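Have a look below at one chain only, the form predicted alone, in structure tokens format.
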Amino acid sequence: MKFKNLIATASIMAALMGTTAHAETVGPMGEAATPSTTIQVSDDKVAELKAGGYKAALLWHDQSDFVNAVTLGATDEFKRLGIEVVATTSAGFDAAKQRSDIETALAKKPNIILSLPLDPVTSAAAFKEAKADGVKLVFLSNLPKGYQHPEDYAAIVTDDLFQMGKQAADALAEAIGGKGTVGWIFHDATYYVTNQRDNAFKTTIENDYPDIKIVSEQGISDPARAEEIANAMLLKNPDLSGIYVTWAGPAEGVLAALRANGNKTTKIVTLDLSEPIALDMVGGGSVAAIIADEAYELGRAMAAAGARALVGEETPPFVVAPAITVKTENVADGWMQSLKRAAPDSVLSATK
């Protein structure tokens, strides 16, 4: 998942104050997490929904394999419930474009909107008309400023953030034999999704692996600087056993740095599926594991939350989908479980 240009509100910053103290995922306002598998539309409500002639719009922040999988999960659930998808858009990480997308979609009179709000302040205004029209809003991973549950939105749905970070720590610890030194490259921005994932890695290493020490910490806001940051980290710590990288884009730069340095011993663990990262992993390179979310399940749960709101069933405010540890031996199954599509041919060919 990509997170650039997402601006957190002061309330989200306050919620993050205790992030490392939590051994579980919490929402942007400190909400307890509800597993996505519990968010279901009961059979007795399906007929009511099918008879309602309801419509939905999917107004996304960007276009990617992740978004495609979320869209598939949502559209499959909407189809099951007889809800027509009348608009699917991509804002290209442009908050102004997203506002325009909302205005255009409202002309088609959707009853449900699924979206990732790009900017808490701008999005609060952008979704105001939809709220006024009684549209049921379900948000992916972010919340417009000042919005309250359940009157303003049906639910936020995101990854099990703590588990993603924890599984990354467990995978890296296993790859380096439970001892050694590691570098921690974290997202240098206040955004509760990446912050919780990153901090969960650090907390798990510090609490569960006494023989592993984090000896180098570096924030990153621009993925293009990843190779430069990794080079500096390796210059000071040439014998690093492993490096955690906040997501797959920057991890590609870290991998390039390891290759440029002729380093074949330092292991990488990162989050979110990527073909170049997976190719290195299945080829026995530096990448030990990739931690992914169940993107298809995110979409299904978002659609279910919106449909439940239409028939008067309240969904808990903060819903999370499971995390998956993807390694060479389960890369095909992991890709399918996360994205509901086959892994790239290059990756599958390299595993044979």
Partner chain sequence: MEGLRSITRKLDLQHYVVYLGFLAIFAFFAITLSGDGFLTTRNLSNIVLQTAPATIMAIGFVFVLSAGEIDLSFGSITAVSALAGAVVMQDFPMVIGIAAGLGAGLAIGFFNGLLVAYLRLPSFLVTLATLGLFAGLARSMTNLRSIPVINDAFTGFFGSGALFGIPSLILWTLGAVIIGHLIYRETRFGAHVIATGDNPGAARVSGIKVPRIRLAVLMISGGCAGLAGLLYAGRLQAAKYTLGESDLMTVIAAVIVGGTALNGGKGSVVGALVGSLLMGMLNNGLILMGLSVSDQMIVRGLIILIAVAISLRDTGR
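Residue numbers count along the first chain shown, from 1. Everything numeric in this text was worked out from a predicted model, so none of it was measured. Basically, rigid core = biggest C-alpha set you can superpose within 1.5 Å across the two forms.
Not on display, but discussed next: the form predicted together with its partner chain.
Heavy atoms within 4.5 Å of its partner chain in the predicted complex are found in exactly one of 264-272, 194-202, 211-219, 124-132, that being 124-132. At a distance of at most 4.5 angstroms from its partner chain in the predicted complex, all three residues Gln63, Thr88 and Phe93 contribute at least one non-hydrogen atom. In terms of contact with its partner chain in the predicted complex, the residue from Arg225, Arg99, His149, Arg80 that brings a heavy atom within 4.5 Å is Arg99.
Although the partner is absent here, Ala107 sits close enough that one of its heavy atoms falls within 4.5 Å of its partner chain in the predicted complex. Using a 4.5 Å cutoff between non-hydrogen atoms, Asp239 does not count as a contact of its partner chain in the predicted complex. Contact annotation: Asp160 falls outside 4.5 Å of its partner chain in the predicted complex, judged by heavy atom distances. The closest non-hydrogen atom of Glu103 lies within 4.5 Å of its partner chain in the predicted complex.
Once both forms are fitted on their rigid core, the CA atom of Gln148 lies less than 2 Å apart between the shown form and the other one.
Here Asn207 does not count as shifted, since its C-alpha moves by less than 2 Å between the shown form and the other one after the core is aligned.
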